Structures are given as structure tokens and as C-alpha cells.
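Okay, so here's just one chain, in C-alpha cells, the form predicted on its own.
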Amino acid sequence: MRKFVFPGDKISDRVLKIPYVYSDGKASYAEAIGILDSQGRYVPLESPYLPQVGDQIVGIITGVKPIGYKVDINTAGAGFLHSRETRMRFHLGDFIVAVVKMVDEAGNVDLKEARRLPRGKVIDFPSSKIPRLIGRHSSMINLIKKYAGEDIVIGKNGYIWIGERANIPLFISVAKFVEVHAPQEGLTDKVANMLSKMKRE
């Protein structure tokens, strides 16, 4: 059974190192409004992206400088890819996938391991609900890819790249469904039924 939690509510007697959670060294507490599902997993419902070292993100090149690239990664702080972190040359408007290398106290983010993504579309999805879109052991996104195609890259920052070879309208419809129904139990089964019906139509 689901249980709603609010900022400051205890969600575990253990120290959890996951986004939107803080710890006092003994237990863990919610930083955002969310739910505890039937298995005790915390699912935040609305909160901005908080970059963590090691996160895979999708970004958009918004500035080109001799020392590197300014990158829109859906955060209040700036994203930056230093030239020494890549052998590729990027251009304004390029879509990239990269990994968070460092986050400073002001929230500015340094990136690494960047590569250019082909032509396609980038959509903005609530970062707090990305875990629901991916699913446990990637069950949800693997299901969606069976119908929409494999050319999909999900960034933990909420930006999602969909390649031109994928079924973009189908993916967007399913993503909106997941966003609206994120708090519900049995979401993967609901999406499977939705996709099956769309295929028949």
C-alpha cells in the first residue's frame, strides 16, 4: 500500500545514498514530497534535478569556447565540458550524452565522457520521475523500446533524446502517461496494456 511522505519524513532506518534524500548518519529522510510504494521504495513526485557524480545526462551545447563547451543540462547551475575531457568537436545546438564528473558548492557541473547524439528530438521529463520511466531493472524502458525503437537515451537530468528512427509520437504519449500515473502501483502493467492497445489500433 502506498504512503505519502513530506519533506523531513523518515523513509528508512538505514542511510540511503539516493537523490532527494538526506541522512543524519543513522536514518534517511525525504527532501521532497513523494510516496513509499508497497516495497518501501521512495518515489519523489516533484523536485528539480540535483546532479550527482556519475549521473548519465543528456545535454545541449549552448556555448563554444577555446577551453570547452557550455552545456544546458536542466539545472540552475552551469554545465561545462572542458576540451581536455573530449577529442570530439561540438557545435551550437548539438545533443550530447555525458557523465557528471564534478559538482561544486554553487551547483556548477563539470562533465566527462561526452559523445554526440545523432539527429533527433530532446524532450523535458520531470527528473524526479525518471526512475519510474526506467523501471526496476530497466523493465519499463525496455518495454517501451520494444514498441518505440531502441534509439532512446534517458538522462537522469530529465532530458530524453529520441532518435529519428524511433517512433517519437508513441514515446511521447507513453512518457506523458508515465508522468501522470507515476504514483500508481502496477504502472508497468498499465503501460504494457496501453502499448498493446496502441499497436492494435
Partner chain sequence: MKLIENGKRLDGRGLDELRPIRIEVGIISEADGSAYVEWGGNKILCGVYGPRECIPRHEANPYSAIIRVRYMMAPFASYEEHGRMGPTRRSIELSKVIRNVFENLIVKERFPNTQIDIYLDVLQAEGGTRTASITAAAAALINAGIPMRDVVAGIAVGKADGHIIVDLGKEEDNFGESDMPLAISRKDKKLYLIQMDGLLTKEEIKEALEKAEKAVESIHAKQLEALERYYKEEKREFKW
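Positions refer to the first chain, counted from 1. The model shown is predicted, which means the values in this text are computed figures rather than measured ones. If you superpose the two forms and keep the largest set of C-alpha atoms that fall within 1.5 Å, you have the rigid core.
If you look for the form predicted in complex with the partner chain, you will not find it shown, but the lines that follow are about it.
Participant: Verify the flagged residues Y29, L45 and I172 against the partner chain in the predicted complex: is each one within 4.5 Å by a non-hydrogen atom?
Facilitator: Yes, each of Y29, L45 and I172 comes within 4.5 Å of the partner chain in the predicted complex.
Participant: Can you pick out, from F125, F95, F90, F80, the residue that has a heavy atom within 4.5 Å of the partner chain in the predicted complex?
Facilitator: Among F125, F95, F90, F80, a heavy atom within 4.5 Å of the partner chain in the predicted complex occurs only for F125.
Participant: Residue-level question: is T188 within 4.5 Å of the partner chain in the predicted complex, judged on heavy atoms?
Facilitator: Close contact is absent here: in the predicted complex, T188 is far from the partner chain, nothing within 4.5 Å, heavy atoms only.
Participant: Residue-level contact is defined here as any heavy atom of the residue lying within 4.5 Å of the partner chain in the predicted complex; does N193 satisfy this criterion?
Facilitator: No, N193 is distant from the partner.
Participant: Verify the contact flag for I61: yes if a non-hydrogen atom of it lies within 4.5 Å of a non-hydrogen atom of the partner chain in the predicted complex, no if not.
Facilitator: No, I61 is distant from the partner.
Participant: Using the partner position in the predicted complex, report whether L143 sits within 4.5 Å of the partner chain, counting heavy atoms only.
Facilitator: Judged by the heavy-atom cut-off of 4.5 Å, L143 is well away from the partner chain in the predicted complex.
Participant: Which residues, if any, of 163-181 lie within 4.5 Å of the partner chain in the predicted complex when only heavy atoms count?
Facilitator: Those in contact are I172, A175, K176, E179, V180, H181.
Participant: Does H137 show a Cα shift reaching 2 Å between this form and the one not shown after rigid-core superposition?
Facilitator: The answer is no; the displacement is under 2 Å.
Participant: F171: after superposing the rigid core, is there a C-alpha shift of 2 Å or more between this form and the one not shown?
Facilitator: No; that C-alpha moves by less than 2 Å between this form and the one not shown.
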